[in-house]
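The chain below stands alone and is given in structure tokens; this is the form predicted alone.
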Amino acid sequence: MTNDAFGLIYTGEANAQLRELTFTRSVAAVPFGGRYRAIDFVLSNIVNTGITSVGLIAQRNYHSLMDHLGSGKEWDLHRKRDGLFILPPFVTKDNTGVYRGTVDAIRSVLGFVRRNKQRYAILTGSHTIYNSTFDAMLKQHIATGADITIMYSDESCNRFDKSEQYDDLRLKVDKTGRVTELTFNPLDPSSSLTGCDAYIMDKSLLEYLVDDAASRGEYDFMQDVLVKNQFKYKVYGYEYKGYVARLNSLAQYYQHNMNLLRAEVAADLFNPAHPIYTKVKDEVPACYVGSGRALNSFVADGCIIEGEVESSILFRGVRIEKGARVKNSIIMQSATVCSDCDLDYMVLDKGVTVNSGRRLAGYKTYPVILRKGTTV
């Protein structure tokens, strides 16, 4: 069944609420969980479904993303037929190379959509992290005769903060799973069912909906395609019951990383039945020197720890010098925390250096972030 589907991932999201994390990279390339990027999860989900043709729409700040993905070898998408197709913006008579929204982006790559021999399109974004395959969702889509199937999760247990709202699609469904109401970025949501930014539809319908929206000067896929057509087509919901991390803000990004320190969350997101693939670095294991230690932390390969680390996420190649104390923090690749430093509720981007004797602290709901390459 999955041989009759292809993947299309939109990576042009520009969420200003992620602040310094997206100054030099797209949301898809944001590091997550010690050695991964956000794109690794949705791309692995598609590959674990058995799909071998994947198009990735890029728009801005995509150099880091292209360097990470390469030819797609780590995801088994380095193929003679099908494989991974990175689709950067380009300028033609009809395309300015600057997308106003998802509709513009998909319309610019309709050539890729039409060339695929597969019937069904699995359309996703890249700022929502979960571990699943699309087999059951596609099976339900076919069995119900749906025109569009939307993946969603029930967020009734999670606190809603309007300031952290981003691409918030809310659903109501009946007993058969059919969507009875769709709302986009509602001020006061009347439903806890939240879209996971993943959709299945016939590729011919996708082409028609995109062309029709573009002809009316509409460019947002959720608002101008899904919400406006919710009663015109058979739209069904597919509930995903696992852990879902939405990178809606820096506070959400921090919290979802910290949640990985909970055994049940780590077991769900890194389920060995559905491996999460990423770029291979072939670095040496983490090295603990002298009294160096790490408690309740994720420590990636290549780290050198001479100080104390507690309840933190350390990416590859991080160095924690003697006497340094790091707690409740996220330290990204190749960052250095020098001797006698004290960090609490901090997010250090790639290549940051904190000189000796510094005391830096944020708060659980407002972590302090240091931009890529900063020296303090």
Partner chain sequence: MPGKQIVAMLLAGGQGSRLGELTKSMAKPAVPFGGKYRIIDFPLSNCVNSNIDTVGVLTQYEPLALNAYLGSGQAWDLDRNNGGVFVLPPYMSIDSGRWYSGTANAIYQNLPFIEQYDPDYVLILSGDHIYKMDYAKMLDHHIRMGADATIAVLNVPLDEAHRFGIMNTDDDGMIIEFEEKPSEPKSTKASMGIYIFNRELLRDYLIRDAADAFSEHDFGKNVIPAMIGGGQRVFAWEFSGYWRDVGTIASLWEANMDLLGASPRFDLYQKDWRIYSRSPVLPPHYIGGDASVEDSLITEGCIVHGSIRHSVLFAGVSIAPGAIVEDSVVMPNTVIGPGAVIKKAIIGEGVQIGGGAKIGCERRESDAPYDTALTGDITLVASSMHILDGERVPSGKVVSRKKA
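Being a predicted model, the structure only gives us computed values, none of them experimental. Residue numbers count along the first chain shown, from 1.
FYI, the form predicted in complex with the partner chain isn't displayed, but the following is about it.
Just one listed stretch, out of 179 to 187, 238 to 246, 201 to 209, 284 to 292, contacts the partner chain in the predicted bound form at the 4.5 Å heavy atom level, and that stretch is 284 to 292. In summary, among the residues V113, V227, A214, I304, the only one with a non-hydrogen atom within 4.5 Å of the partner chain in the predicted bound form is I304.
For the residues Y166, F85, Y219, F298, the 4.5 Å heavy atom test against the partner chain in the predicted bound form is passed only by F298. Among residues of the shown chain, L123 is not one whose heavy atoms approach the partner chain to within 4.5 Å in the predicted bound form. The partner chain in the predicted bound form is approached by K73, whose closest heavy atom lies within 4.5 angstroms of it.
Residue contact check for Y36: one or more of its heavy atoms lie within 4.5 Å of the partner chain in the predicted bound form. Residue contact with the partner chain in the predicted bound form: R316 places a heavy atom within 4.5 Å of it.
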